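Read the single chain below, which is given as structure tokens and is the form predicted alone.
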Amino acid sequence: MFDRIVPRYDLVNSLMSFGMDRRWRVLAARLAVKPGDRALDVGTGTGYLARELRHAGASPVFAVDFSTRMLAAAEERVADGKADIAWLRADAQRLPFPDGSFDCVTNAFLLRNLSDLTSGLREMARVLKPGGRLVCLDITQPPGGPFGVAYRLYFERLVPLVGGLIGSDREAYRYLPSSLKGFPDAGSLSDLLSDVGLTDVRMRLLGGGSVALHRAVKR
């Protein structure tokens, strides 16, 4: 499915988020990186967050994804080929790196797609060095009240319609709202980060409370 939606993936993301998705990735990179960090972006997609990690001073940057076409598109977007990013095909739940390989690990809009969320978080924690930072950016359960009602209507009705028309794949964009069903809210995700051995868990809500940015540190 993700291979199929590559051609207009970035455009549809920008439209669905009213252009805020790129700003959120910049925030995630700045929260994760200290200059000179060895960084890993998991579920990199077309590589936007990986490139922001590099811009924030990480070097080298490793970027992994399960979709070969996403990785190909990500590499093409690095015009000069000198971005110091290694693009690798890998399963987020079986990362091909030794324990303690990275100073920071990031992911953006990945967690809802994992078949076993706890396993994926534990694997990302495993490859962090002690004191390393995990930063997660994803859609979360919207708040109550009028905004929450309006957001659910938008996310469950309008997003699949617009995504299907522009992205030319109705099935893929019908999947998007269904991926949120059963996904933990922002507070519960904070608890999961603690459960996999991370500490100093901090969370910030974005997009009126529809998106959560989490940061946690490995003991």
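Numbers follow the displayed sequence, beginning with 1. All of these numbers come straight from a predicted model, not from anything done at the bench.
A second form of this protein, the form predicted together with a small molecule, is not displayed here; the remarks below concern that form.
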Out of the stretches listed (183-191, 156-164, 58-66, 32-40), which one is close to the small molecule in the model of the complex, meaning heavy atoms within 4.5 Å?
58-66
I'd like to know if residue 17 sits close to the small molecule in the model of the complex, meaning any non-hydrogen atom pair within 4.5 angstroms.
no
4.5 angstroms heavy atom contact with the small molecule in the model of the complex for residue 91:
yes
Is residue 70 close enough to the small molecule in the model of the complex to count, meaning some heavy atom within 4.5 Å?
yes
Tell me, yes or no, whether residue 85 is in contact with the small molecule in the model of the complex, where a contact means a heavy atom of each within 4.5 Å.
no
Is every one of 97, 102 and 121 in contact with the small molecule in the model of the complex, taking contact as a heavy atom within 4.5 Å?
no
